[in-house]
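Two forms of the same protein chain are encoded below as structure tokens; each is given separately, as structure 1 and structure 2.
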Structure 1
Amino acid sequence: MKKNGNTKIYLLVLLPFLVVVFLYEILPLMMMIISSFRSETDSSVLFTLENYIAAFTKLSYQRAILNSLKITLISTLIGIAIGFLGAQSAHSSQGRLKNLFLTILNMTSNFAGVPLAFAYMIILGNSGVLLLLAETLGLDFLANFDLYTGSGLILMYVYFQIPLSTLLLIPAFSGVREEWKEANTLLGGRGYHFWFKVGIPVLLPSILGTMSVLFANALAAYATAYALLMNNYSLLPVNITGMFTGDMTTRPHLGAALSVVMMLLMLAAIVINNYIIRQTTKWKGR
């Protein structure tokens, strides 16, 4: 009897949270999915696939999806590789050095969006400090760098992926025991033997989970790309925003369809990640 009473109290306490989740997450998601099946030209049509057909057949939307996937995948892979090394270094350090490193990571992880775009313009823009310095020193590879391209976007995306991946991976290194490293050394193994045969397999679930977060973080990033290139580079989140805030006309139903496509891409990444984690867990158990 007492247990049932406690359950009712817990549900009552959770009720405000459930109401907020329903109003601000579930309900908007349902409305977006319903809207994606409405026609832009004929409001009397309650169900149509024309928005999804346009999303996958029109060249501009195809390019937006492919560009977003390319930048997302490249920045995620580079971010997880550098973040792994940074997390390992942070875990190994102690005292003030570790605190300083964590402070810098927290600061840089929050430096994104429009301020990050402006900072890159000042440093690597057409008249950026580093470009002018490279011209003076005769460093053509840097002097000819064009920030306002896909390469510039990748560079900025990598910037905010690295601190995020590092912060997410640092706790995972607590699962790597010093005894394993000592056993590897006693058996004549080198450092790379340990990491490739023991360390990375143990950390693989955390690495894959972090990659899922990085993938979603980059795929949905909007402010940085828009502040740098506006509509001059086709990206999925930029195209979606243009559907709802267009200067001339809005196309909310097509924007909803593109939003669903982006959501499905994130969902596919999560499903693939979970499948790999399950297979890795089965392999470890053998």
Structure 2
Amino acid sequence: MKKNGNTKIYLLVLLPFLVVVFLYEILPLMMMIISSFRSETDSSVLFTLENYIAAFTKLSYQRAILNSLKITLISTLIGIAIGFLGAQSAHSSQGRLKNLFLTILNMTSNFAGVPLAFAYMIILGNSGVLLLLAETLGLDFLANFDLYTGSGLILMYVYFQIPLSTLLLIPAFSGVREEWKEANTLLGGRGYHFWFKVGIPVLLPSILGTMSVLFANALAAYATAYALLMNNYSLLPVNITGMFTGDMTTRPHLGAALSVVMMLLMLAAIVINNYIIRQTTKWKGR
């Protein structure tokens, strides 16, 4: 019994951690979930679904959810495709070029948010330097590019997805063994046979895991979009923030409901990803 009493004292060592996590993670989240069921207009109502109904039926919130999903999904898909080829290229090369590539990927992996939006305004904004260059060279498709739209946002989101997806995928390629490629060649297969029949299926868990990181990353991105478009483009994080800190009246309960929707989207990405990984890696257990 003495030992048992002794160990209990060490719970005190755990206490500071629990206090900080409780005060700034658990309690705020719980209160937000509770707050999302409170009425925005009548403070005597303790439980209502009106905020959630508004989130899914009112056109402006629907648009925010759909815009967020669209930009997140497109930037994730393009990001994973470019990152996959990048990781494969990095895997199959070595020496100085590979080191340079890795260094630049690491350096640019922190390049997002306000600085990224600013850099894109300099090169592609109104009278951006690349636009001027394209105008002089007569490249109309580039000269007429409008950064301050959804496609401008996608371009910037893809930019910050590339270093992340490449860096996350590179370690996975060491699991693709040279013998498999040789076996494929011996059996008369070509490069694309190998990648579509063997390489990508083997890498699928890593690809999906990376995709869910990219998805979360893009869905939660706020600074990049806000610095470029302020409140002129409807996105979930931008709308949520506006409801808590807006210049007009704040709508914290509705904002809380939208936050819960956003959390559920994140959670859905993780759950779907885990499910597919479990389905596709069953063969490994056999």
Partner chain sequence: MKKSRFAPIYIIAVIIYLLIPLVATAIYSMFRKWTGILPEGFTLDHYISLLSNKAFLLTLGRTVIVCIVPIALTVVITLLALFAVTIYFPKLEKYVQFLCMIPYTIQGVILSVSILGLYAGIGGFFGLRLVMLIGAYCIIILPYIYQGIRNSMHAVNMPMLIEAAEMLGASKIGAFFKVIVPNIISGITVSSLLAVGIIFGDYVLIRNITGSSFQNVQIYLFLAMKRSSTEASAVFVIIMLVTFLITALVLYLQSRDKRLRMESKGR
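Just so we're on the same page, rigid core means the largest C-alpha set that superposes within 1.5 Å between forms. Numbers follow structure 1, counted from its first residue as 1. Quick caveat, the model's predicted, so the values are computed rather than measured.
In this pair, the copy labelled structure 2 belongs to the form predicted in complex with the partner chain. Residue displacement note: V114 has its CA displaced by under 2 Å between structures 1 and 2 (rigid core superposed). With the core held fixed, P171 shows a CA shift below 2 Å between structures 1 and 2. In the core-superposed comparison between structures 1 and 2, K197 has its Cα shifted by less than 2 Å. After superposition on the rigid core, the Cα atom of L14 is displaced by 5.3 Å between structures 1 and 2.
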